[in-house]
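Starting off, we have a lone chain in the form predicted on its own, written out as structure tokens.
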Amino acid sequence: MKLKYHVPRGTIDYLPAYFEKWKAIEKIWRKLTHVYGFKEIQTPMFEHTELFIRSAGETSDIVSKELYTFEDRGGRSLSLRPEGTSPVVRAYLENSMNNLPQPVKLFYLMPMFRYERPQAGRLRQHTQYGVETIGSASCFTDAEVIHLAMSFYKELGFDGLKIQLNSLGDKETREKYKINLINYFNKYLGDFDEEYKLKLQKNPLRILDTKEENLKPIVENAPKITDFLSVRSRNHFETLQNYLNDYQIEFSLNTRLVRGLDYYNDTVFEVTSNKLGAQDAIAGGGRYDGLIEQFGGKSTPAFGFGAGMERLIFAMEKHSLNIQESSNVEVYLVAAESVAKQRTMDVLFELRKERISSDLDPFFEDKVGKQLSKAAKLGAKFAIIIGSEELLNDTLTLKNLESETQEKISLPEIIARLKRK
């Protein structure tokens, strides 16, 4: 059959088997964020475009290439949400969360949209999970969030993931560094196209994040930002490293790590896997102490991280990790004879009233063997068979589809047993 319509490029259908993995991961994510004291937040799927331009930066790939932007009927420019931090910060300010006990610790699990080249585990529509801690300048907060991320991956079964760590310093640090970086890159202007020449003018740190093979040797020999750190930034970075060592979290310093957004300062980090090739990051984040001030609030320190759920599931497959939460029905009801149809339906609704997952063949036409075969294909653990004998004795036949054993038992006993399980 030739289909007339297909899913748009960069999107997928989230089928039930995929969601069985998804729900198992989400369950661990929600439990762990609760353990660490985070509360859930959801923001609108679209925001005013200026929000992302102001936070991510005009030269960032998100703003210059990847925004899904449209104009509404009122002539306002709106964009689908490409990342989670800016909307959460906007919500923090707009809802006066600065009046709550600080820091405010928030987590999210929300769809994002980026017009980028689809890759394995990277989609134009994807779901991002992440946390934001707003109102703490302590490097303990940096360590806590990194610890949360690594605890999450450990619970999922990952082994061998690495932390890449860097400091972008404070404003004083970056101003000094930018001057040195511009002087260095000016020697290689002939190797830059127009896009990179613009980055050099607007924000030369963006060049350090290059994926262009011909520019990587140039970037490799560029000055290191850690050589320009102010006393305060150096102390913050060294104390963080001490915390991570105390928590036995292995990390390596990567002085080229800048992340893809302009709002970061001081600590930035990525979690990487050695099984994903060149694009090896599965999570990343850092400190963004100046973002709230950019949005009109008081200077407020903050730290967070985000990652893609689809990318995570892809990474789990590469690491041969398979956790899932079954969505199969637990009990399948079989009407052995036509006289048992009504009783079978009555039992179905009794089970559902007790919140026991159950189903039946709505046609009541197949023989018992075919109905049991369908129950097995649906992954049911038990079948309840009802025929004239069961009607006469006011019992039900409970069949364990795994052990192939069965017994006659009353409905209250079945309900009690299934609830214990």
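The shown structure was predicted, so the numbers you read here are calculated from the model rather than taken from an experiment. Residue numbers run from 1 along the displayed sequence.
Form predicted together with the RNA: not shown, discussed below.
None of 120, 78, 222, 249 but one reaches within 4.5 angstroms of the RNA in the predicted bound form through a heavy atom, and that residue is 120.
The partner is absent here, but in the predicted bound form a heavy atom of 195, alone among 317, 350, 195, 170, sits within 4.5 Å of the RNA. With the partner left out here, the RNA still marks one of 368 to 376, 23 to 31, 36 to 44, 350 to 358 in the predicted bound form; by a 4.5 Å heavy atom cut-off that stretch is 368 to 376.
Taken together, the three residues 181, 204 and 321 all stay farther than 4.5 Å from the RNA in the predicted bound form, as judged by their closest heavy atom. Proximity of residue 67 to the RNA in the predicted bound form: non-hydrogen atoms within 4.5 Å are absent; the residue sits far from the partner. The closest heavy atom approach of residue 226 to the RNA in the predicted bound form falls outside 4.5 Å. The closest heavy atom approach of residue 300 to the RNA in the predicted bound form falls outside 4.5 Å.
Within 4.5 Å of any heavy atom of the RNA in the predicted bound form lies no heavy atom of residue 136. Residues of 383 to 397 lying near the RNA in the predicted bound form, listed in sequence order, are 385, 387, 388, 389, 390, 397, the criterion being any heavy atom within 4.5 Å.
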